[in-house]
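Below you will find one chain, with nothing else, as structure tokens; this is the form predicted alone, and questions on how it binds or moves follow later.
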């Protein structure tokens, strides 16, 4: 009986392993992935390359620049501090896109901004781009959240896992979205 009690207690005290939940929007067919870990929720929703292309063309991007970003496997990304025991801080440079045996962080927004300047993208279009992106680093108190576009740098249709890292009360926490697929 003591062994059974110890096993039950271990299950109650041990942190639950978060699983990736996958959903399909019945209206658009877009796939979403979400995980919740230690009071934090992270989700990715596919953005079709044509959606991203139209978004940036309508904000004054030249077609070649808009096509470059639209082809970089872009997701609507949401990060929520639902009930973490303190303020959550993160840096995208600490996140990992696992693909084909390698891991790399998502492409840096500053790198994109440099490309847009070099390609002669207008300042208003660059400002619209910057404000539509998921922030490269941020702090969220409990109840705070943000969303924005996040490019993975992969090709349409590629599969990957996303490892998301953040800090709360001096501890690094990791969440993972498994078997994510770029829109075609």
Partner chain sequence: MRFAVRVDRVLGRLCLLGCLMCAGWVAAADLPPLSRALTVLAEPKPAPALRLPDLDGKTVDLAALRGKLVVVNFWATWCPPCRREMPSLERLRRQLGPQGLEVLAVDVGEDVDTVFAFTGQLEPGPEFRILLDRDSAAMQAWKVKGLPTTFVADPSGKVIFRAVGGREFDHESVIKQLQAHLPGVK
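Numbering follows the first chain given and starts at 1. These numbers come from a predicted model, not from an experiment.
Below, we turn to the form predicted in complex with the partner chain, even though it does not appear here.
Although the partner is absent here, residue 143 lies within 4.5 Å of the partner chain in the model of the complex, judged by heavy atoms. The shortest heavy atom separation between residue 165 and the partner chain in the model of the complex exceeds 4.5 Å. Of the heavy atoms in residue 76, some are within 4.5 Å of the partner chain in the model of the complex. For the chain shown alone, residue 120 is not a contact residue for the partner chain in the model of the complex, no non-hydrogen atom being within 4.5 angstroms.
Residue in contact with the partner chain in the model of the complex (any heavy atom within 4.5 Å), chosen from 161, 25, 174, 19: 25. Among 152, 138, 38, 35, the residue placing a heavy atom within 4.5 Å of the partner chain in the model of the complex is 138. Across the proposed site, 72, 103 and 109 without exception lack any heavy atom within 4.5 Å of the partner chain in the model of the complex. Taking the partner chain as it sits in the model of the complex, the stretch 35 to 71 comes within 4.5 angstroms of it through a non-hydrogen atom at 45, 47, 49, 50, 51, 53, 54, 55, 57, 58, 59, 63, 64, 67.
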